[in-house]
Ligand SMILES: Cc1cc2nc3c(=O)[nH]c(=O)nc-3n(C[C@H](O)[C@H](O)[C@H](O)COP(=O)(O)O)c2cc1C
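Only one chain comes next, encoded as structure tokens, the form predicted alone.
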Amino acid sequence: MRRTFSLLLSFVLIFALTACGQSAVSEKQEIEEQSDAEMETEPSESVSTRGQEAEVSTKTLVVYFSCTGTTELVAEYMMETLGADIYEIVPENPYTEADLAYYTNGRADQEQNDPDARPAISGGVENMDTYDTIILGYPIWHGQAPRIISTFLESYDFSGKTIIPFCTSHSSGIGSSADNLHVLCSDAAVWLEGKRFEAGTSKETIEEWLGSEGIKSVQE
């Protein structure tokens, strides 16, 4: 009788120990599974954060007006270097060779002699609010920016934006052209010093200037 009772007691103890062991293993597996799940969710949070940072990164728009292609080429070099967007100021009434002939009292001469002239622009920048930096390029006409640049600057609110002018010319510097444009913008716009480029300026020279001004690629 005692022997039978001892055997039953032994079976009970073995069963209890086995159940405890299985419970411990199950708890350990649950802890490991929870840890793995937490590790899997961490990268998703990092990706989401990086996405938010990309949305608030600086966006640059290269704006230019060009009749002969000189300013256009410089603007394209800047676009390629920065990975920026680009917008061409297109006159509603295109300029002809006769219009551009100096000292003939043609259209360009008349406009430059009239500070209030505002040639109309065809189209516009629909998403101007998304840009933080505007690089503005134009040729020099009679020592100043073409009046169509004044039209462009008076067409948008540049408050809080940084504007960096550049010009192209055979000999004239940027001179007072940038200063005269600056007054057309809101006082809340940051206007930086401009730069003159001559015809045939290399892409490497453009890159050096952008670097010296601290203008970095939007892809960095």
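When you see a residue number, it is the position in the sequence shown, counting from 1. This structure is a prediction, so every number in the text was calculated from the model and none was measured.
One more form of this protein should be noted, the form predicted in complex with the named molecule, which is absent from this view; the next part is about it.
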item	value
Contact flag, residue 143 vs the named molecule in the model of the complex, heavy atom cut 4.5 Å	yes
Partner contact for residue 176 in the model of the complex: the named molecule, 4.5 angstroms, heavy atom	no
Residue 66: touches the named molecule in the model of the complex, heavy atom cutoff 4.5 angstroms	yes
Touches the named molecule in the model of the complex: residue 71 (any heavy atom, 4.5 Å)	yes
Contacting member of 117, 90, 128, 100, with respect to the named molecule in the model of the complex [4.5 Å, heavy atom]	100
Within 145-173, the residues that have a heavy atom no more than 4.5 Å from the named molecule in the model of the complex	168, 169, 170, 171, 172
